[in-house]
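To begin, one chain is listed below as structure tokens, in the form predicted on its own.
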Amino acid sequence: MLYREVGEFKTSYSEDSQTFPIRFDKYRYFFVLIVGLLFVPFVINDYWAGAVLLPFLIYSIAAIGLNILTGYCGQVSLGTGGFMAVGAYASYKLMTAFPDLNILFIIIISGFVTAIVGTLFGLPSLRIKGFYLAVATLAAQFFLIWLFNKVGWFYNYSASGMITSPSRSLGTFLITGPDATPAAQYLFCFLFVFLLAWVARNLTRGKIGRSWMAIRDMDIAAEIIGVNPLVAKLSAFAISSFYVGVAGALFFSVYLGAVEVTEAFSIQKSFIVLFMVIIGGLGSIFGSFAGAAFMVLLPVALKNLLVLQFGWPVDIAAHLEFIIIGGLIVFFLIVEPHGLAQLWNLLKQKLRLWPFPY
């Protein structure tokens, strides 16, 4: 009886098209925000921050970015890891070149730098699509990793080739560096997730989002009805790359603190984010969160259950993780292409009509 529209009357178009048409959804959303802001920071510790919460928040941003490009605009990309590396190295150069620059502006500027790079590599999408575009973005992945690995300027000619995040604070709270507290890092990432998810939700429901979906469904028909393919595709690449760049900057500066490009941003990173989008649901902001949560929690659950409780070897648990992920990808592509988000929507539809069958 909780999940109903009974007694909820809409008197305008804006009310009818709001993000949460059912009041219960709105209350649930605010409840999650309150818990995330007022409860989690007081109980978080190093393990939960490093193993679950920080990677979930950062991967959610990257998944939303890739979902904008692939799920909403239909442009396949396998270069997410490379674009995350652009954001990471941009933040490193900004932190070392401008020691007094606020960490908040560093992350945002890193996103804009990645947006420029992503737009340049998105130019082939004006001529090619599908498998050929995937190969072009895969080439961008390998080129960017090679560039950051071979050109010493990007890592300030360090002998080890690694980049290390200097200590930076936001107000009185230390955000980066070895002395940063898990609560401060969590709240900093939570702020970006909330703002970027809100922006993405409004973009995909507006004019630009409709142009992306028109290009995704049939680009020739979209051009006939007045959608500019150049603007639609390049804007999708730019905005998607901005999100991925922010995720890469947070991944380096807040989460890891020190990275080596061939290990932290390899092709495996691109596939991990792609799997998040496929399992969570293409063309869904909620699906980006669901896929990120699944991909982050699965290895933690397998490690705690199989390795620590039952004494399984670590390599067997890791192989089982690949088997589960591969099986789920095949299952969702065949049975439910819209992933966990669609299963959640079906469950809500059943709740709206329960106990009556349909």
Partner chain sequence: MRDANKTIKGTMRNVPIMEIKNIVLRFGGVVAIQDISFDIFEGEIRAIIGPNGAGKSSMLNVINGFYHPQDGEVWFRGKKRAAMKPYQIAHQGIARTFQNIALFKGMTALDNIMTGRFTHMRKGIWSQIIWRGAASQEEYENREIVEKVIDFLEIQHIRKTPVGALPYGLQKRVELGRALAAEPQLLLLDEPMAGMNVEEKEDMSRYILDVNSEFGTTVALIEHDMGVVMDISDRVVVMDYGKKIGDGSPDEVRNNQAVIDAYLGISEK
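Numbering follows the first chain given and starts at 1. Since the model is a prediction, treat every value here as computed from it, not as a measurement.
Although it is not shown, the form predicted in complex with the partner chain is what the next lines describe.
In plain terms, the part of the chain that comes close to the partner chain in the model of the complex, with a heavy atom within 4.5 Å, is 195-203 out of 96-104, 154-162, 195-203, 173-181. For the candidate set Asn228, Ser169, Thr262, Gln268, a heavy atom within 4.5 Å of the partner chain in the model of the complex is found for exactly one residue, namely Asn228. For the options Leu187, Val113, Ile145, Ile208, the residue carrying a heavy atom within 4.5 angstroms of the partner chain in the model of the complex is Ile208. Though the partner is left out of this view, Ser17 does reach within 4.5 Å of the partner chain in the model of the complex, counting heavy atoms only. When contacts are judged by a 4.5 Å heavy atom cut-off, Leu234 does not count as touching the partner chain in the model of the complex. Under a 4.5 angstroms non-hydrogen atom cutoff, the partner chain in the model of the complex has Ile239 among its neighbouring residues. Mapping the unseen interface onto this chain, Val117 falls outside it, with no heavy atom inside 4.5 Å of the partner chain in the model of the complex.
In the model of the complex, the residues of 217-234 lying within 4.5 Å of the partner chain by at least one heavy atom are, in order, Asp217, Met218, Ile220, Ala221, Ala222, Glu223, Ile224, Ile225, Gly226, Val227, Asn228, Pro229.
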